[in-house]
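Next up is one chain by itself, shown in structure tokens, the form predicted alone.
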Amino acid sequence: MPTSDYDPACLPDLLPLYYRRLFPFSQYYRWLSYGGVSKNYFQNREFSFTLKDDIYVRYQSFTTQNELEKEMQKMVPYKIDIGAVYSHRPSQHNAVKSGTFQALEKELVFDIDMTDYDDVRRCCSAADICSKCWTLMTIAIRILDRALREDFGFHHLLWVYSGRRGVHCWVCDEAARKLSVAARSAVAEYLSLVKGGEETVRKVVLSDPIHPFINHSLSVVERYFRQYAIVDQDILGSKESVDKVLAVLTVHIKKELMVNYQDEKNPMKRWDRLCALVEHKKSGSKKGGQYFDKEIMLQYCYPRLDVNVSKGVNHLLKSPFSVHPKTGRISVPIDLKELNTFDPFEVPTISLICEELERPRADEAEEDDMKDKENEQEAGERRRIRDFKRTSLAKYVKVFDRFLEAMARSRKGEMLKNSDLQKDF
């Protein structure tokens, strides 16, 4: 990933400035407090910090926004992870009687990492990504966002770019935060289609009738498949990649296509021939559908979830607005209205936003400095808002703000509904 303006050696100098003047503490605290849903909700949340030289510190917890700010500015974490809301303050977990310190709640989370697609992408491998394979993340977000909203009825989904090669989803509805391990596992399993490791040739197996959720997912994949798989990844171009695709088919279809492909070299026409042949065999089969074409599409494009991340209540996940130490990119919220044009290479690096912050501005008013002396915390907050608005981080904080506003409106609606119900006695 080209990050020409970022040098990891500069991170120790940039992070203090980032946490002092740019990190959106006010919104962050507002998010994790959930409108003061219960007295100790924020205080009992676990944070873990990865410090310089990979020093890993778990079970951090903070009473107020101010305490969180001061500690982060003092410790200067290279990476921030968010954990569960516990029965007691995580920072005091050693003082609690054995067995009583329990993870109670956490957002339902999903982690999609590009390395899990290495067997089906030819443009890049390992931690590398490019605009061609980023389409896989777009497809994943489209499929999962629809399913979580329409099939499960969740409303408050925060999609976040990881800063390097993947995306995270935080489902923040109260019902999602209260889910048991068994319920989280059930949701994760429902959303998992691609099964089996490297040795498994046919990783997606469809049966008749196709489940409505899979049909919805296919309609998303179909929008991208030809351009992504046939053109960009050229999965029917070379002999090696053709063999890989044909390996999932029955011997008869495979033989017929191999003969056909000796004359037909155009990848798009090869795909059309495969689909036509599968359709022909299906209509002549008494035992119902063979959906090999659809299985191939899903195997190459369907989201690959790390289900273990979603199952555990106490599983830690990288925090939004954390900095990726290798790329320097900020882990920013993704605006789904602009998903098709989201470009991970345009996400600002910490070096860029710190440089933007240092550029002199003619309209810096002296009166702000006078106001700043009034109240230290309010002044710090005002200064920080003014600061990040001068940088490329501003539009991503705006996305976060809109997400928080929608949650606040929803909470207000629930409170009004409950008070109305109490009057109807």
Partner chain sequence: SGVIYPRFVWNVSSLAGFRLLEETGSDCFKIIAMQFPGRRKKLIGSSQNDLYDHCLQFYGQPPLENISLTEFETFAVERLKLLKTVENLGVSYVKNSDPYTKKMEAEFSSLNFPLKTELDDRKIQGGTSEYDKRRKDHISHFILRLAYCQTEDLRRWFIQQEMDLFRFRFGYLPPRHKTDFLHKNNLKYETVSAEEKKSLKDKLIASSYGLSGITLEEYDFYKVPFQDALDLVRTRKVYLLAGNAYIPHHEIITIVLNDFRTRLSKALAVTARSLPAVQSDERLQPLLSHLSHAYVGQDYSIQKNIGKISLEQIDPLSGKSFPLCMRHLHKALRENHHLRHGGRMQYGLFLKGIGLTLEQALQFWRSEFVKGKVDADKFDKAYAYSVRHMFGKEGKRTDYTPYSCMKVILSNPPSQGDYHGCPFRHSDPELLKQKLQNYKVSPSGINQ
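Residue numbers count along the first chain shown, from 1. Note that the structure is a prediction, hence the values are computed from the model and not measured.
The same protein also exists as the form predicted in complex with its partner chain; that form is not shown, yet it is the one meant from here on.
Trainee: Considering non-hydrogen atoms and a 4.5 Å limit, which listed residue (Ser185, Gln73, Ser87, Ser241) is close to its partner chain in the predicted bound form?
Mentor: Contact residue from the list: Ser185.
Trainee: Which of Ser192, Asn260, Thr341, Asn266 has a heavy atom within 4.5 Å of its partner chain in the predicted bound form?
Mentor: Exactly one residue meets the criterion: Ser192.
Trainee: Is Phe213 one of the residues lying within 4.5 Å of its partner chain in the predicted bound form, judged by heavy atom distances?
Mentor: Yes, contact at 4.5 Å.
Trainee: I'd like to check something about Phe101: if you look in the predicted bound form, is any of its heavy atoms closer than or equal to 4.5 Å to a heavy atom of its partner chain?
Mentor: Output for Phe101 is no: heavy atoms all beyond 4.5 Å of its partner chain.
Trainee: Within a 4.5 Å heavy atom cut-off, is Leu179 in contact with its partner chain in the predicted bound form?
Mentor: Yes - in the predicted bound form, heavy atoms of Leu179 and its partner chain come within 4.5 Å of each other.
Trainee: Test of understanding: in the predicted bound form, would Asp128 fall inside 4.5 Å of its partner chain by heavy atoms?
Mentor: Judged by the heavy-atom cut-off of 4.5 Å, Asp128 is well away from its partner chain in the predicted bound form.
Trainee: Check for me whether its partner chain, as it appears in the predicted bound form, comes within 4.5 angstroms of all of Pro8, Asp113 and Tyr117 - heavy atoms only.
Mentor: No: none of Pro8, Asp113 and Tyr117 comes within 4.5 Å of its partner chain in the predicted bound form.
Trainee: Would you mind picking out the stretch of 244-252, 202-210, 128-136, 348-356 that comes within 4.5 angstroms of its partner chain in the predicted bound form, counting non-hydrogen atoms?
Mentor: Of the options given, it is 202-210.
Trainee: Give, in sequence order, every residue of 141-158 that has a heavy atom within 4.5 Å of its partner chain in the predicted bound form, or say none if there are no such residues.
Mentor: The stretch 141-158, when checked against its partner chain in the predicted bound form, contributes Glu150, Asp151, Phe152, Gly153, Phe154 at the 4.5 Å heavy-atom cut-off.
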